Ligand code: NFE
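Just one chain is shown here, as structure tokens, and it is the form predicted on its own.
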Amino acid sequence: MAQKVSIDPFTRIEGHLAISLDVEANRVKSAQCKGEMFRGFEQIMKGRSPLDAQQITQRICGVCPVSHGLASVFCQEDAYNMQLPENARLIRNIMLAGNYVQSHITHFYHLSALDFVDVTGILGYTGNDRFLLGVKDWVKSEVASKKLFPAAPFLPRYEGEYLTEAQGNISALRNYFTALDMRAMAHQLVAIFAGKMPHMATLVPGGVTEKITTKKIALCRSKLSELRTFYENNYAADVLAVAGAFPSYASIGRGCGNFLSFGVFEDMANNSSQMLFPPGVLIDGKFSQLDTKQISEEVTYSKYSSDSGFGTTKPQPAKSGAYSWLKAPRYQGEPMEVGPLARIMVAYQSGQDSELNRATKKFLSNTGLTIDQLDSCLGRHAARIIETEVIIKNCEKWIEMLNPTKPTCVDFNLPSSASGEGLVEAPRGALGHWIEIENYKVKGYECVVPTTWNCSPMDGRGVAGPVEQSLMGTYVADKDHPIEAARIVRSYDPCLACAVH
């Protein structure tokens, strides 16, 4: 007989998520992914000036405002039929690159690593490092007195298997704290041209209002150099250490098997018209070009009225059978995984000789993993370090291409009526904004967000969303400590604040 297992609230993610599992003979038979709030940003937009859009929609999330801001100006620029100067496109690449590096570092160290790293393992440390000895004394005191709550965020935690190698735990713990500084460093990189972070003040349709100076170029170089050093010496090594200690996680956590990428980063450093990370769709292993007209949103099990969907949002909190405030996005009627793994898989199957493909093949060769094994819990972590390397390398080139003598934005005329589409890859995956303008005001606004794709509920055919499918079949050793399920869900880096926008 199946037993109910609930992870509620689901911690170390952005926003409010609950996971409900039916577990029988220690295997997950079914799963429900529940978004537990409603915010209504699309309704907030109606009747406002389109020029407010990029500032309001950045407030969907303080973690990834760069992505929402860019999607918003992209859909406006599409509506206004604008062409941007090279400096504007370079600056936007740099700002998004900084946000990616920040997001990926934060995800591993501050959200996911504590599922693998054993902070109590530092008790075996015998060296003379004053910092580590201090942490050892603190942990010893907390464990001995059973005062676990003050040891947050490291304790309390689910019981289970953690890293046993002392140096691995020590390295990851030290880097946990260093990563806080690196996160701030990445925010500072973005803020050089964004004015501030979070919520960029300088992003407008037509470009970026901040001017380029040699001092700002030097600041960008300096901060990116520090981020590169941390990536090469710490982040990549720690992810690989976890992967080596938990090889079984390369064979669990497979999602729906379908992948979607909108494509991101103009490949300006290589004078290419292609995206650095190409757009595309994989359904049942077959690659096809992206067609956004194939996107729909189901609401059968969502807390919205039956006439809601793409372009329409009507809350119905008491709807019978509904269990989530997330809609269920579908592409050609199919659930799609989005995010770092999706970008890797789409690029790999696209046939494009891209830097991302070359970096992926190098990683697979060095680790002995196969491309199929990347479709897993560990694979999502690996995908982040693969693309971080490519992003940092290209961001260095974009910084050198900045020209202080040329403009960073262009003027435009606001049309009385128009519509536009803005697509970007946020760190967490495919993000689309759509705008409809009538009589100089926003008539309609639509956002389809990465975590809405990944954490979607079942659709009308009874097909579960990607995270729900990732959990099905998972072995749970202890229903009171379902750490296996927690690791899988966190590998997606859910952002429920975005998903229930």
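When you see a residue number, it is the position in the sequence shown, counting from 1. Not measured: the values here are computed from a predicted model.
Below: the form predicted in complex with the ligand, not depicted.
The unique member of L70, C64, C33, L471 whose heavy atoms fall within 4.5 Å of the ligand in the predicted bound form: When the ligand is considered in the predicted bound form, the option within 4.5 Å is C64.
R428, R92, H381, K327 - the one with a heavy atom within 4.5 Å of the ligand in the predicted bound form: Contact with the ligand in the predicted bound form is made by R428 alone.
The ligand in the predicted bound form: contacting segment from 23-31, 444-452, 472-480, 43-51, heavy atom within 4.5 Å: It is the stretch 444-452.
Heavy atom contacts to the ligand in the predicted bound form at 4.5 Å, residues of 475-500 in sequence order: Stretch hits, in order: C495, C498, A499.
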